[in-house]
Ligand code: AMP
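As structure tokens, one chain now follows by itself in the form predicted on its own.
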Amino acid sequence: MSMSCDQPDLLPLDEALTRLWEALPAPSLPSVRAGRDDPAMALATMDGVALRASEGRSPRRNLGTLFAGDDPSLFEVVPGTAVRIMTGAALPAGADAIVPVEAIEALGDHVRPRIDPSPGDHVRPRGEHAKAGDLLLAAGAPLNAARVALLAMEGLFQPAARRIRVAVASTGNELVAVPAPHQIRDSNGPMLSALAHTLGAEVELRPALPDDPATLAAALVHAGDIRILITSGGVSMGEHDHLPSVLKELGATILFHKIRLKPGKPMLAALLGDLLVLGLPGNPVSAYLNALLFLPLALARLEGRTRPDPWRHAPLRVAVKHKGDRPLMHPCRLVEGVLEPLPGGGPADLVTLAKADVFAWVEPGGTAAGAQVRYLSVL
């Protein structure tokens, strides 16, 4: 479902995040079943001596040593014998317990337990984790490191770890390398590139685009081998804010445009074929905040990971007044677990942004001192 770019209702942030998450395709795993018992044999969980528990503390002749990966059929523990064994090694036939090395007395080529062993002591039984044929992972599960390990354990195909390719391009005629007083340098491009890199993306910083529909359309149509294009500027209501209309003309699906948040209201997300376009506002604080909210989500989804939850909670040291009707993300320092609001903090205040540790969520009407609020860490 797309939203008109001139729709008066603003989309709540959580709904916008969910809409983006559900619109993106995600790689997932097939079902995984155990090819054999896990573990396939009983294993020692401590360094010590493998023996028959029924023989109690009587001395045993040491037959040798088993290390992890050794074939346990090299030895058979018969009455009056034992085998030294290392953690992770398979139990030899006849043994049913491990006595830890610190509870063993060495007597030449014999060993004697100083404790009374019981069957199963320090032994991981065969099939403790799974039996052959058990369902280990249902189809459709997202990828994570533990599941990659599970695939490796089962000898199955492991998806290659691939970084999502992201391009960043600011927009605006005012962006120049050597600015006159009425112009500015492009700070959003380097900022957003650095953020995408921190989040693990493969990033390309592209030259700033002029406020020209044809040039913008060409940049979208010929985006190259990227999965996400991040722009800043050109998404509000000005005469030079061409991105929404250009995307519509190209047949893109507008996932949402304008969210109920301050700063960052003009945020736009669209799909142009396989290309995700994140259209961020031009003001640097707004651009950074929206990227911090939406880019980690998009990367996680496209990489097949679980949905991230970046929110943490802490109390405000002082009250934050807020007369607006949209939730406010206010820049703060985080000092010994307490949020200290910073002065300033408007959507263009890059100086305050550079001092901030977090953005604190402030409800319309303001938030009292000492109140627990959720916050988002600056990366």
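Start at 1 with the first residue shown and count on from there. Owing to the predicted nature of the structure, the values given are computational and were not obtained by experimental measurement.
If you look for the form predicted together with the named molecule, you will not find it shown, but the lines that follow are about it.
Interface residue remark: D121 is not counted as part of the site for the named molecule in the predicted bound form, having no heavy atom within 4.5 Å.
When the named molecule is considered in the predicted bound form, N283 lines it closely, a heavy atom lying within 4.5 Å. The named molecule is not drawn, but in the predicted bound form it has a heavy atom within 4.5 Å of S236.
Contact annotation for I184: at least one heavy atom lies within 4.5 Å of the named molecule in the predicted bound form. Interface residue among V83, L175, L268, L220 relative to the named molecule in the predicted bound form, by the heavy atom within 4.5 Å criterion: L175. Contact annotation: of the candidates D241, E303, D96, E154, the single residue with a non-hydrogen atom within 4.5 angstroms of the named molecule in the predicted bound form is D241. Partner contact region in the predicted bound form: 186-194, out of 146-154, 186-194, 107-115, 212-220, criterion any non-hydrogen atom within 4.5 Å of the named molecule.
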